Ligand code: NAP
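Have a look below at one chain only, the form predicted on its own, in structure tokens format.
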Amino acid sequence: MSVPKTVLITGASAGIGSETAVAAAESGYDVAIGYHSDRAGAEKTAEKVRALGQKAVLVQGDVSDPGDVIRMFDEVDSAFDELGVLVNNAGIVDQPARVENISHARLRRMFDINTIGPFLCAKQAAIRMAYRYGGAGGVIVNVSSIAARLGSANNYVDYAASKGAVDVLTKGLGDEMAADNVRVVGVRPGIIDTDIHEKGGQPDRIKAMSNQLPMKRAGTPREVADTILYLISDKASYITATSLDVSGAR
């Protein structure tokens, strides 16, 4: 199932999203670089994509805002003839906390961005890709987390739950869209060496946990990006409605 060589990646200003943009460009994709507030990071990602000879456009927006999501996809429509791939990567963590100490405001923010955002973006992508709407087909990749399987007790149960819902989106939407030539797949990264740990108030988490991990090291953003590139390729043409752990046996 060949799809248009265009991809929108949310949260592409750093980490897994940025590495996925570079890996996609290396594979001949033009890239829409979604970002919320880190324009400098998004520009750096765009520079790397353009240096590889591919088109890069910046698309700013808050994935938890329905109006922003519609505008973002309208901008992608203006930049590309068709959208072939969506990578739902934007997400947040918060400070470690037990469930009894998690506020309603934190829950709303966590689920608005990590769960509702991917739903809103997947909806817009499906409308553009599906055969029933005149699309050429496509692939939607949802970036979940191994926390969805582990629960993340004493740290981020809310984060784990928000990602568990993303796993269900992958399964349910994948089943819905299978006959429309749209594959929906997920990746569940484990401990990956990105700045998300610093944003979650644990800047030394990688160092502290490395010896506890089965492979004695964290994963790299590129390892996750390469997995995503495999899943959107024709080599994965019979894979849909499922998620793949990228967690080093964790």
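Note that residue numbering begins at 1 and tracks the sequence as displayed. On a predicted model such as this, the values are computed, not experimentally measured, just so you know.
Below, we turn to the form predicted together with this ligand, even though it does not appear here.
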property	result
In the predicted bound form, Y35 touching this ligand (heavy atom, 4.5 Å)	yes
This ligand contact at Q54 in the predicted bound form, heavy atom, 4.5 Å	no
Proximity of G138 to this ligand in the predicted bound form, heavy atoms at 4.5 Å	no
This ligand contact in the predicted bound form: I232, any heavy atom under 4.5 Å	no
Proximity to this ligand in the predicted bound form (heavy atom, within 4.5 Å), stretch among 99-107, 124-132, 175-183, 83-91	83-91
Stretch 179-195: residues contacting this ligand in the predicted bound form, 4.5 Å heavy atom cut-off	P189, G190, I191, I192, T194, D195
